[in-house]
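The chain below stands alone, shown as structure tokens; this is the form predicted alone.
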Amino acid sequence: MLKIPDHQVAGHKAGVGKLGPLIDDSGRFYKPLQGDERGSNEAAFYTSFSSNTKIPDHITRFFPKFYGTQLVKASDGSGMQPHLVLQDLTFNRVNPSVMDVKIGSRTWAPQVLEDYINKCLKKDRESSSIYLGFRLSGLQVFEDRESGFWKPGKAEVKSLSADEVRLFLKKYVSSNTSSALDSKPDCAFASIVYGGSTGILSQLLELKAWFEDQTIYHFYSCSILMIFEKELALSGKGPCAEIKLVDFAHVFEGKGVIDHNFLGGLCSLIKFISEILTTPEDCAADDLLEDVQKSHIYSENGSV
């Protein structure tokens, strides 16, 4: 039984009369294959990437597993349609906080039609893509079981300044995400989500090292998903923070040239996250996290 994903934060979403991705109960994600060259291009990328022995294992872990293509009943009621069958990146995660970051100051490839370039260029200019090298496409942050998720709309994340991007990156790892909107984000979870030997920053740096050398592919309009589980952090466990690259409809051969567009955006994102971790007045995370964990334990035990 296929169903609409609960934790999709960007892209086309399935609904009545709307074509979008679906998931099943076994951990697979069904993405509709676009009917034009974008669909065939993405399928070709996954096929090439999954069989490319030059890609090291420590890099393949940053990409969704690919299970081929399959005809399934489309979400828009149009009948059986081809779908990419991929790994469901939030499968078995409890209330995951998710952020979609589109990488690159340019989201269009030189090979595409002029009309499409103009469409992308308009979005790039209206967002932070051109001047930061990345933009936020969507996010959800789990607050608590009573409040659920804080999930700003597209309009809220569409045209952010550098300071606003920094604010959202802080809110993503804060305990006071949406309450007291005028208060400074406490960055309570920054040290254990962004920091550490297995945190998001470490993973981004590992990915950066590969992009400094790889000339096989050029990635346009590709996103990095950041995922972690706040409830695990509250209970004193690791938050299972990880990054995954998604959306490969605009990947082209690198032809021996480094992908400076993607690499530049990745370096910019790394800089922003590094600054959050190295600004103690904004991220007094350790003491605050301890207080938050104690509060969570007390509420679980019914104490006051």
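Note that the structure is predicted; figures quoted are calculated from it, not measured. All residue numbers are counted from 1 along the displayed sequence.
One more form of this protein exists, namely the form predicted together with a further copy of the same chain; it is left out here, but the text below deals with it.
J.: So in the predicted complex, is a further copy of the same chain close enough to Gly195 to count as touching (4.5 Å, heavy atoms)?
T.: No, Gly195 stays farther than 4.5 Å from a further copy of the same chain in the predicted complex.
J.: Wondering, does Arg125 line up within 4.5 Å of a further copy of the same chain in the predicted complex on heavy atoms?
T.: Output for Arg125 is yes: heavy atoms within 4.5 Å of a further copy of the same chain.
J.: Check Lys237 for me: does it contact a further copy of the same chain in the predicted complex (non-hydrogen atoms, 4.5 angstroms)?
T.: No.
J.: Contact between Pro56 and a further copy of the same chain in the predicted complex at 4.5 Å, heavy atoms?
T.: Result no; Pro56 lies far from a further copy of the same chain in the predicted complex.
J.: Please determine whether each residue of Gln111, Thr215 and Lys271 possesses a non-hydrogen atom within 4.5 angstroms of a further copy of the same chain in the predicted complex.
T.: Yes: each residue has a heavy atom within 4.5 Å of the partner.
J.: Based on heavy atom distances of at most 4.5 Å to a further copy of the same chain in the predicted complex, which listed stretch, 72-80, 195-203, 161-169, 91-99, is the contact stretch?
T.: Result for this chain: 161-169.
J.: Name the single residue among Leu232, Leu207, Leu132, Leu84 that comes within 4.5 Å of a further copy of the same chain in the predicted complex, judging by heavy atoms.
T.: Selected residue: Leu132.
J.: Between Ser105, Ser175, Ser137, Ser191, only one gets a heavy atom within 4.5 angstroms of a further copy of the same chain in the predicted complex; which residue is that?
T.: Exactly one listed residue reaches within 4.5 Å, namely Ser105.
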